[in-house]
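Heads up, the chain shows up twice below as structure tokens, two forms, tagged structure 1 and structure 2.
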Structure 1
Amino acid sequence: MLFDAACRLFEEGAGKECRLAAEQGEFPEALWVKLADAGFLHPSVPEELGGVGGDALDEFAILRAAGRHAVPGPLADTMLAGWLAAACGVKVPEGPLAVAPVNFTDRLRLHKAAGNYKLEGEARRVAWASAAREVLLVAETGDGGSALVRLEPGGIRRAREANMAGEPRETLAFRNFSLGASLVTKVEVADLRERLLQRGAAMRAALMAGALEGVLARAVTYAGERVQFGRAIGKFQAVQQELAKLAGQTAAALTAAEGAYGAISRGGDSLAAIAVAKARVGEAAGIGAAIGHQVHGAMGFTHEHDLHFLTRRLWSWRDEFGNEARWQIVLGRAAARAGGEGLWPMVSAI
């Protein structure tokens, strides 16, 4: 099973040293070579476009494993860039990649100007832009279409930030930015940006579901080892009840995230299933991280302990590609339009 294979690779190749170094700005080169060799970067991109030609569910399996092991580096972001390139019929570029925009407010606009193009706008919180060999941007062309723009990060004005997990996030600013026609691929898809955000949300949901599994496994192990009042704390009903709640949130998260990928894999409209996943998994992330910390006590609050690699990612990822409220509103608007009679048919079709 792909999930197990991915877990094995991450256990060996993405240990604590590797995670800490990545947070200090060091790109995980050795791990990256293994990921590329294993075909983990573009699992569901067709072979003729540079991918492995697998199913979307393969992407879910790899990201779930990556989340579970808090894998450092732009794996999901490169995967998302690969999806974007393939969606535009472009062969996926080599190496680590970044995509923009990554939230619901930022928009990039492309204008024709004397045989060339001008790019305008700002894309905030772009993941791993400086480490990427290329940044793939979605811009609106003003004629109802979209364009894929490929740029090397060196020429872009960048402001470095990070998320709570120490993963690089950068603001890319384009003002009267000139680029040649060879860097632009026009597509007849008006909602390319929305589809990019949907796929990005599905990926974050898969990562979070995996990270919750990691928190649960650690918390259960810890509760079995840590002794207080003469017995393992996991023997106390109060602790057992909390761990059972954590198991419930984890199970819901896995089910919702896999549901999104099931819908993507079947084809057709997967918006509702993705919205369910990002909303439900994001909620589980907050509850699950809190329980994980409560069970680990002060030990889990130290930088020495590994728990924070998972929980800081959960706190970051739930706000990326639209938080719970954003996706709840997508679902709630659809439910309100469906009305009382249409509510159940809508839910049972997700």
Structure 2
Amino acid sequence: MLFDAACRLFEEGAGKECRLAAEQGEFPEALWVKLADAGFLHPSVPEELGGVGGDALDEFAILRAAGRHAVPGPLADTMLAGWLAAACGVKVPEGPLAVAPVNFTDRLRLHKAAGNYKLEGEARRVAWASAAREVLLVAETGDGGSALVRLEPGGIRRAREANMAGEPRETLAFRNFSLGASLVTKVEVADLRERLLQRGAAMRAALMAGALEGVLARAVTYAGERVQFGRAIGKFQAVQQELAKLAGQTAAALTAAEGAYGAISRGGDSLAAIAVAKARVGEAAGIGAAIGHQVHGAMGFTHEHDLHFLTRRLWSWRDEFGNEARWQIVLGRAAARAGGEGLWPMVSAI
């Protein structure tokens, strides 16, 4: 029901004009108001911390629908920031939010200086930082712990760019950056950065699974409408085979992404399920986008057709929060740690 409700909202409020305007730098304000009113920004955050008190699977349903409709704006990133704040026991800030770091190799370090703090490091490819009311950062402290840092983006040195889908991505640089103690929340969680990357990967997997559904739906419709040699191209066996491959990849992606969220919802260690999801959905994204364009032929490569809103997002999201190779390495290491006796229980639990 939540997925259907989200699809209806996105069909009405996130059409082609909205997507094009967002790619030109216009924040989708009207859509954002609808998302906030519907309670879609923080579905899995407890009510006392500013959310609606739902489950992780509610988050999956909304993100799947957002991916299917190529929704512009920092919906997933605001969700991730809300999860991060709640994980640190902090009430979720209002408005659009951004999080950092989002890359495995980026690290931010925090140390005390004259009663306040100094922040050092660089966070690359941060999504929607320029549109965020606040940026929530995970920094490592000198005592082996972690800290949540809340900053307004205006005072941060930034280098602006965009991903292939036209979504803003920025590099945030901190050199001897001073901040007051009120902006820092220390937490006794040494692996907070790793947990952030895991949750972000699960979110990108959910978005990509939904986007693949959108590609499949458009390909099937187009194959039934496009007539060549006196009949619809969907009647040709070669096209049917490609559509079957696309359907198989989409089903595998949905199963893997939902499996990751099922593991998150159950609690405990969800690392292996998330690694499987991000790796498998990323693989499906490459195959599925190629088939979608093959079925549409030259029409699918035009800017006027809306297929590119989905495929450009698939190509972009598969590299964010770790690509397939990165998560396959994570999965391999988890299997090695499990050992011979623990391998089957790990595999069967995914």
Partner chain sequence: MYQGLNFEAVSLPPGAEAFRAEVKSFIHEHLAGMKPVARADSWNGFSAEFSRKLGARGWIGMTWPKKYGGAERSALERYVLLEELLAAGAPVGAHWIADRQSGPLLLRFGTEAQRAEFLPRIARGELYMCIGMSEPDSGSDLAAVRTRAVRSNEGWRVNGRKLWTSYAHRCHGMILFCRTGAKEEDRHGGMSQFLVDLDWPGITIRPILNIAGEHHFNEIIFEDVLVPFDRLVGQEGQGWAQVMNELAFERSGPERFLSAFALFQELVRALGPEPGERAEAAIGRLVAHLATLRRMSISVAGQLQAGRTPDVEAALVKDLGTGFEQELPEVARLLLESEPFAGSADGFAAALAQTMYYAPSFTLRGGTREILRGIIARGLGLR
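Please note that residue numbering is based on structure 1, beginning with 1 at the start of its sequence. Rigid core: the largest C-alpha set superposing within 1.5 Å between the two forms. Quick caveat, the model's predicted, so the values are computed rather than measured.
In this pair, the copy labelled structure 1 belongs to the form predicted in complex with the partner chain. Shown in the overlay between the two structures, fitted on the rigid core, is a CA shift at residue 15 smaller than 2 Å. In this overlay on the rigid core, residue 342 has a C-alpha that sits 2 Å or more away from its partner position between the two structures.
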